[in-house]
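A single chain, nothing else alongside it, follows as C-alpha coordinates in the form predicted on its own.
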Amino acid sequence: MSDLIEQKPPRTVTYQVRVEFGDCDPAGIVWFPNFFRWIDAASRHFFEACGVPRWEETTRTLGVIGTPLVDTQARFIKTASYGDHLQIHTAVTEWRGKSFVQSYRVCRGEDLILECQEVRIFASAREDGSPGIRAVLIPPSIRALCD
(Lines give C-alpha, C1' and ligand atoms only; values in the text may rest on other atoms or scores of the structure.)
Protein backbone atom coordinates (compact mmCIF):
# COMPACT_ATOMS: atom_id res chain seq x y z
CA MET A 1 0.00 0.00 0.00
CA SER A 2 1.40 3.37 -0.97
CA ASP A 3 1.32 6.49 1.19
CA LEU A 4 1.55 8.70 -1.89
CA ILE A 5 -1.43 10.88 -2.64
CA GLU A 6 -1.78 11.44 -6.34
CA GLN A 7 -2.30 15.10 -7.16
CA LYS A 8 -3.91 16.24 -10.35
CA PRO A 9 -1.77 18.54 -12.50
CA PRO A 10 -2.63 22.23 -12.19
CA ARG A 11 -5.12 23.71 -14.62
CA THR A 12 -3.28 25.24 -17.59
CA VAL A 13 -4.65 27.95 -19.86
CA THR A 14 -2.95 29.03 -23.09
CA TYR A 15 -2.78 32.65 -24.27
CA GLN A 16 -1.74 33.31 -27.88
CA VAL A 17 0.52 36.17 -29.00
CA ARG A 18 1.68 37.18 -32.48
CA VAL A 19 4.98 39.05 -32.37
CA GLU A 20 4.76 42.30 -34.31
CA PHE A 21 7.59 44.34 -35.82
CA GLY A 22 7.24 46.98 -33.07
CA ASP A 23 7.75 44.32 -30.37
CA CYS A 24 11.35 43.81 -31.48
CA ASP A 25 14.59 45.65 -30.80
CA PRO A 26 17.06 46.78 -33.51
CA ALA A 27 18.55 43.26 -33.54
CA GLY A 28 15.17 41.92 -34.66
CA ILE A 29 14.41 39.95 -31.49
CA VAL A 30 11.64 40.56 -28.97
CA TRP A 31 12.59 43.33 -26.58
CA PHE A 32 12.49 41.60 -23.18
CA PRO A 33 9.91 43.87 -21.44
CA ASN A 34 7.34 42.75 -24.01
CA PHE A 35 7.48 39.22 -22.60
CA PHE A 36 6.48 40.62 -19.21
CA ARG A 37 3.63 42.61 -20.80
CA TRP A 38 2.35 39.43 -22.48
CA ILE A 39 2.77 37.40 -19.29
CA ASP A 40 0.75 39.98 -17.36
CA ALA A 41 -2.01 39.68 -19.97
CA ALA A 42 -1.78 35.87 -19.75
CA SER A 43 -2.26 36.08 -15.98
CA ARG A 44 -5.59 37.92 -16.33
CA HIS A 45 -6.56 35.66 -19.25
CA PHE A 46 -6.03 32.65 -16.96
CA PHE A 47 -8.58 33.94 -14.47
CA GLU A 48 -11.00 34.92 -17.22
CA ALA A 49 -10.78 31.44 -18.78
CA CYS A 50 -11.48 29.92 -15.35
CA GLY A 51 -14.67 31.96 -15.06
CA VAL A 52 -13.47 34.62 -12.61
CA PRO A 53 -15.37 37.87 -13.20
CA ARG A 54 -13.62 41.07 -14.24
CA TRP A 55 -11.82 42.89 -11.43
CA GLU A 56 -14.46 45.65 -11.47
CA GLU A 57 -17.02 43.00 -10.50
CA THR A 58 -14.85 41.35 -7.82
CA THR A 59 -14.16 44.81 -6.37
CA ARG A 60 -17.91 45.24 -5.83
CA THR A 61 -18.65 41.68 -4.67
CA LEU A 62 -15.49 40.52 -2.87
CA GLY A 63 -13.44 43.66 -2.34
CA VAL A 64 -10.68 42.18 -4.56
CA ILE A 65 -9.26 44.82 -6.92
CA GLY A 66 -6.82 42.50 -8.70
CA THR A 67 -3.73 40.34 -8.37
CA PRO A 68 -0.66 42.60 -8.38
CA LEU A 69 2.81 41.20 -8.87
CA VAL A 70 5.15 41.06 -5.86
CA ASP A 71 8.00 38.90 -7.23
CA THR A 72 9.11 37.54 -10.58
CA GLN A 73 11.82 35.35 -12.02
CA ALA A 74 12.40 34.54 -15.68
CA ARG A 75 14.76 32.34 -17.66
CA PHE A 76 15.22 33.29 -21.32
CA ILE A 77 16.07 30.20 -23.37
CA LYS A 78 15.64 31.13 -27.05
CA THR A 79 14.84 34.29 -28.97
CA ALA A 80 11.58 35.19 -30.69
CA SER A 81 11.13 37.55 -33.61
CA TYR A 82 8.66 39.40 -35.83
CA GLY A 83 5.97 37.11 -37.20
CA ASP A 84 6.38 34.39 -34.56
CA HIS A 85 3.26 32.95 -33.00
CA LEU A 86 3.82 32.33 -29.30
CA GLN A 87 1.81 30.29 -26.84
CA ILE A 88 1.93 31.30 -23.17
CA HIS A 89 0.92 28.32 -21.04
CA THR A 90 -0.21 29.58 -17.62
CA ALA A 91 -0.93 27.67 -14.41
CA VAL A 92 -1.21 28.38 -10.70
CA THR A 93 1.39 26.00 -9.28
CA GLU A 94 1.04 26.97 -5.62
CA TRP A 95 -1.79 28.48 -3.59
CA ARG A 96 -0.88 30.22 -0.35
CA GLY A 97 -3.00 32.17 2.14
CA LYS A 98 -2.91 35.61 0.50
CA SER A 99 -0.61 34.92 -2.45
CA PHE A 100 -0.08 32.37 -5.17
CA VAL A 101 2.63 31.31 -7.61
CA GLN A 102 1.76 31.53 -11.28
CA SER A 103 4.04 29.71 -13.71
CA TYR A 104 4.41 30.40 -17.41
CA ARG A 105 5.98 28.56 -20.32
CA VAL A 106 6.31 30.69 -23.45
CA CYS A 107 6.64 28.47 -26.52
CA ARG A 108 6.87 28.80 -30.27
CA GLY A 109 5.33 25.50 -31.24
CA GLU A 110 7.52 22.88 -29.57
CA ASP A 111 10.39 25.33 -28.85
CA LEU A 112 10.55 26.63 -25.28
CA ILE A 113 11.40 30.35 -25.42
CA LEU A 114 11.02 31.46 -21.80
CA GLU A 115 10.05 30.16 -18.39
CA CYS A 116 8.74 32.53 -15.75
CA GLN A 117 7.37 32.34 -12.24
CA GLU A 118 5.54 35.11 -10.47
CA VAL A 119 4.25 35.57 -6.96
CA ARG A 120 1.05 37.60 -6.94
CA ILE A 121 -1.29 38.64 -4.16
CA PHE A 122 -5.01 39.12 -4.02
CA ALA A 123 -5.34 42.80 -3.21
CA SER A 124 -7.92 45.08 -1.69
CA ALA A 125 -8.01 48.78 -0.93
CA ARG A 126 -6.70 49.68 2.52
CA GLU A 127 -9.38 49.56 5.19
CA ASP A 128 -8.60 53.08 6.43
CA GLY A 129 -9.05 54.54 2.95
CA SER A 130 -5.42 55.66 2.68
CA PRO A 131 -3.65 55.28 -0.67
CA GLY A 132 -2.28 51.88 -1.50
CA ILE A 133 -3.36 48.27 -1.28
CA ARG A 134 -3.24 45.37 1.13
CA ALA A 135 -3.05 41.62 0.64
CA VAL A 136 -6.22 39.71 1.49
CA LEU A 137 -7.02 36.03 1.84
CA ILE A 138 -7.66 34.28 -1.46
CA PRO A 139 -11.44 34.06 -1.87
CA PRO A 140 -12.48 30.37 -1.81
CA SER A 141 -14.90 31.02 -4.70
CA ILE A 142 -12.03 32.17 -6.95
CA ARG A 143 -9.77 29.30 -5.96
CA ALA A 144 -12.56 26.80 -6.64
CA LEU A 145 -12.97 28.19 -10.17
CA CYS A 146 -9.24 27.91 -10.85
CA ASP A 147 -8.52 24.43 -9.47
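Residue positions are given as counts along the sequence shown, with the first one as 1. Values in this document were obtained by computation on a predicted structure and should not be read as measured data.
The form predicted in complex with another copy of the chain is left out here; the points below concern that form.
When another copy of the chain is considered in the model of the complex, only one residue from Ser103, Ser81, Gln87, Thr61 comes within 4.5 Å through any heavy atom, namely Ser81. When another copy of the chain is considered in the model of the complex, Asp25 lines it closely, a heavy atom lying within 4.5 Å. When another copy of the chain is considered in the model of the complex, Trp31 lines it closely, a heavy atom lying within 4.5 Å. By the criterion of a heavy atom within 4.5 Å, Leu112 is excluded from the residues contacting another copy of the chain in the model of the complex. In the model of the complex, another copy of the chain lies within 4.5 Å of some heavy atom of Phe36.
The candidate site formed by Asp40, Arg120 and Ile133 is fully in contact with another copy of the chain in the model of the complex, as each residue has a non-hydrogen atom within 4.5 angstroms of it. Counting a residue when any of its non-hydrogen atoms is within 4.5 Å of another copy of the chain in the model of the complex, the hits in 34-69 run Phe36, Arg37, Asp40, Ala41, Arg44, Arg54, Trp55, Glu56, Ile65, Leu69.
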